[in-house]
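Quick setup: one chain, the form predicted alone, written in structure tokens, and binding and motion questions come after.
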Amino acid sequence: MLNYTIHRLETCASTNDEAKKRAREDAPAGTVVIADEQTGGRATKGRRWFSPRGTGLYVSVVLRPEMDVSLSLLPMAAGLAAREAVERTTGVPVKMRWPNDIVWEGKKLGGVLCESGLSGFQLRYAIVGVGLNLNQNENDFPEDLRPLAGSLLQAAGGIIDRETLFGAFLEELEAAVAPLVEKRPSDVVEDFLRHSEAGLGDSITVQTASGGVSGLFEGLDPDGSIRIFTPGGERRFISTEIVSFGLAPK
């Protein structure tokens, strides 16, 4: 069982960077960094994460898993924890977009950034970072993000209490990563499929560095890789190969 130690910051460049600094200084598993604002918030693929003061949940947690834990599924498990916390505290029926985004009516509400540190062949730590848009109106987002991003304020129709959601996320995170620790990775994959924005057989499009691929969503492999049936046959992609993912326009 994790014993959480919470460090609260008014502002920082990135809660993941702050958590990594503490992890390198031997902070125990369960060390948590939460900030009111991030000036250099990061998402996957090197993208920025819009993190204005007082309108979102920006939190990172230090974990110290064993080397044989399915690290490729950790972002998915953390995303599921955030999804469950959102639905539990707000009643909003949010979905998951592969591999670890939280979405509502096609708009992204939040995402996960996991990073790890190795010493030789030993895994020293893993950082689970989560960003969730809580209380932004549409005009609060930069113009280029408005078609893509949404907030729980918009979804729930009222102000979201950050502390309630934060507490729920920490509770759900431990439950979400338990299948990985207990060597039951298929539980994470099955849970993701239950809450996936894309259903089996739906038309999807993925963008890779070499171009776009469209086909039918066939499911996930045990390591979280996605399977797509295309006119040329089945193709499989890991998350690091994908630049963007989404349902194909209908």
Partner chain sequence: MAPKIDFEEINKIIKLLEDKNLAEFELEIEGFKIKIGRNYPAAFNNRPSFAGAGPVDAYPAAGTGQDSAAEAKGESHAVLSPMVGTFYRAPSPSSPPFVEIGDVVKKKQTLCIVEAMKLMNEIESDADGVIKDIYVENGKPVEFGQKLFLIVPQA
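Positions refer to the first chain, counted from 1. The term rigid core refers to the most C-alpha atoms you can superpose between the two forms while keeping them within 1.5 Å. This is a predicted model, so every value here is computed, not measured.
Below, we refer to the form predicted together with the partner chain, which is not included among the displayed structures.
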Out of 165-173, 136-144, 110-118, 149-157, where are the residues with a heavy atom within 4.5 Å of the partner chain in the predicted bound form?
-> 110-118
The one option of Leu73, Leu132, Leu80, Val86 with any heavy atom within 4.5 Å of the partner chain in the predicted bound form is Leu73
Can you pick the one in Gly30, Gly215, Pro52, Pro65 that has a heavy atom within 4.5 Å of the partner chain in the predicted bound form?
-> Pro65
Considering only heavy atoms, tell me if Ser239 and the partner chain come within 4.5 Å of each other in the predicted bound form.
-> yes
Touches the partner chain in the predicted bound form: Ser196 (any heavy atom, 4.5 Å) = no
Can you check whether Asp202 is within 4.5 Å of the partner chain in the predicted bound form, heavy atom basis?
-> no
Going by a heavy atom distance of 4.5 Å, is Glu10 a contact of the partner chain in the predicted bound form?
-> no
In sequence order, the residues of 11-30 that place a heavy atom within 4.5 Å of the partner chain in the predicted bound form are Lys20, Ala23, Arg24, Glu25, Asp26
Rigid core superposition, Arg236 Cα moves 2 angstroms or more between the shown form and the other one | yes
Is it true that Thr208 shifts between the shown form and the other one by 2 Å or more at the Cα, once the core is aligned?
-> yes
